[in-house]
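Below sits a lone chain in structure tokens, taken as the form predicted on its own.
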């Protein structure tokens, strides 16, 4: 620390210089986060000091969290769903596996069935919870192979995981079939819809992935991705509103005497921001945003293939992958584990940026 501090002008000059070193979002095609909606920014500022870790001190903010879960629960065909706002998909996935484990404490060496395409948060969760992670192959469409998943189940399996909008290829696993498998085997079924949960419901022909399928136990979704909220805001939803009580610990010096959340201090600002966006845009507004992102995704795929750069998969959501190794330097892209170019058409990526990218990459591949 500086002994005498800094003037405000000096301080903000220093901070602005650091901020200028961040990448220009216009050229970021690799992130599953986007610029927050203006109403999210405004709502966030209203709730900067709120802490949902001690909800009795902030009853209004706690009410907004309940409304957010109710809104998303209705979107997922279960307005009465339980749940809470997390820091994002990693926490939501960890908590889901923790619920699955604690429901089956009698199993001494539990295992979890996850697809090869699962987010790396599941590896972390299994390490923390001492769970065996059994990885299931992808089929030819880069979705989870349901028959392989079924074959890997045994008496020590406590959970099946399916992905609705895979991070690398933008695919939705066969959630309906997995739901049936989970029901038949009476196994906890968690759907990681961190990305796809705010895309699939707004597509023209949404594939079932949510509580409309009776085998689905929990769902993770991140409003700070396609929900255009401020960071961090994820949600974990449960079919049974009382399920989370399994995780309760005593909190004698707070305004509530038990809590099931993972984090103690939990910011209320991004929760207010997430609810603000959903209520401001409504179903029609979200459909418009998703429609635009999908239009850009399809244009990107068509444009790349016109250049002779073939797609690696035909995605269900706004992620596009290609057999390509060269990209213009100014564009920030990413690569899958299989070495495919990966691009995400988020709301901050507009049509003119897609055309600009296609023009730049066309010069390389001419």
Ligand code: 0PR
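Values in this document were obtained by computation on a predicted structure and should not be read as measured data. Positions refer to the first chain, counted from 1.
Although it is not shown, the form predicted in complex with the named molecule is what the next lines describe.
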> Pick from 113-121, 239-247, 270-278, 134-142: which stretch has a heavy atom within 4.5 Å of the named molecule in the predicted bound form?
Replying inline: 113-121
> Quick one: is residue 180 in contact with the named molecule in the predicted bound form, heavy atoms, 4.5 Å cut-off?
Replying inline: no
> Would residue 90 sit within 4.5 Å of the named molecule in the predicted bound form, counting heavy atoms only?
Replying inline: yes
> So in the predicted bound form, does any heavy atom of residue 314 sit within 4.5 Å of the named molecule?
Replying inline: no
>> Residue-level contact is defined here as any heavy atom of the residue lying within 4.5 Å of the named molecule in the predicted bound form; does residue 216 satisfy this criterion?
In response: no
> All three of 31, 163 and 222 touching the named molecule in the predicted bound form at 4.5 Å, heavy atom to heavy atom?
Replying inline: yes
> Of 166-192, which residues get within 4.5 Å of the named molecule in the predicted bound form if you count heavy atoms?
Replying inline: 167, 192
